[in-house]
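What follows is a single chain, given as structure tokens, in the form predicted alone.
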Amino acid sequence: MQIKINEQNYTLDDHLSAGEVRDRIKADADLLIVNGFPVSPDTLLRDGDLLILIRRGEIPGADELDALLTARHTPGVHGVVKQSTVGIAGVGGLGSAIAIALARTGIGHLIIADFDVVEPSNLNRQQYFIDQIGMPKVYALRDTLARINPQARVTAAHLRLTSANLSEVFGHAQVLVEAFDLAEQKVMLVETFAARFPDRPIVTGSGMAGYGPANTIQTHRVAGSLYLCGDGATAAAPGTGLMAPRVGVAAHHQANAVLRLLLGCDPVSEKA
């Protein structure tokens, strides 16, 4: 029979159990997964099955992890994203979630920039932990991303972005993500980057406060290569706070727009 074991093709005798194959291929594996489901060692394998053998606590090697990601994303997609560089300006509620989504997608190089530190109030929507309170956000997020995807290279810039240092920080980014809080910061970032790198896309966010319907958050093309994700209206205000669910919806709109741009697809429509 023909089966895949940890995403590699094998030709084996018929009527073998998952445990028998484990003993031949990876004897120290204590978790056996067949076609996405944990199974007992006496489970019989069939032609075409996908068997994953894992030793609990073991970190996959670079080649094995790459093979596993390739299988999930398809070779063509993974081959592009792992060679890509994405910049993220601001790593609060939007930026930290975007960075995690892109790291899980297999982006090869993430440039993250923010001057802020983790505060207790951030934990209601931002991708940080209690034991990271007081740390610069970019360093805390870099540590988290390394735990998720150690193959992703993360450049962490702990500074306040200005028109003077923007090119130095994000000069290698193929796509820039705007994830600031303040309107004047957003304008500075978009205008400066667009002027210096007119052919590179910018994905910005606006309008995701409160707990209104998630379906009102959409991705729009504003002009040229500038895209906006959000409802464009619902800003944080007394009685309308920033909350994890809706901020997360907007963040993943932005992450998906980045992925589509890297793959040569229109972030707004089905056309390429």
Partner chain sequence: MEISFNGKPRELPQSISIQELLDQLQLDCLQVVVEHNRNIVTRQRLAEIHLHHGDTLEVIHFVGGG
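Numbering follows the first chain given and starts at 1. Since we're looking at a predicted model, the values are computed, not measured.
Note that the form predicted together with its partner chain isn't included here; everything after this is about it.
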* Structure fact -> The listed residue (G224, P38, P245, P41) that reaches within 4.5 Å of its partner chain in the predicted complex by any heavy atom is G224
* Structure fact -> Assert contact residue (its partner chain, in the predicted complex, non-hydrogen atom within 4.5 Å, options M188, A101, L166, A152) equals M188
* Do heavy atoms from each of A195, M208 and A236 fall within 4.5 Å of its partner chain in the predicted complex? -> yes
* Asked: Might D143 be said to contact its partner chain in the predicted complex, defining contact as any heavy atom within 4.5 Å?
  -> no
* Any non-hydrogen atom of L45 within 4.5 angstroms of its partner chain in the predicted complex -> no
* Is G87 close enough to touch its partner chain in the predicted complex, meaning at least one heavy atom pair within 4.5 Å? -> no
* To do: Mark A183 yes when one of its heavy atoms lies within 4.5 Å of a heavy atom of its partner chain in the predicted complex, and no otherwise.
  => yes
* Have a look at 25-33, 45-53, 214-222, 60-68 and name the one stretch with heavy atoms inside 4.5 Å of its partner chain in the predicted complex. => 214-222
* Judged by heavy atom distances of 4.5 Å or less, which residues of 90-124 approach its partner chain in the predicted complex? -> G93, L94
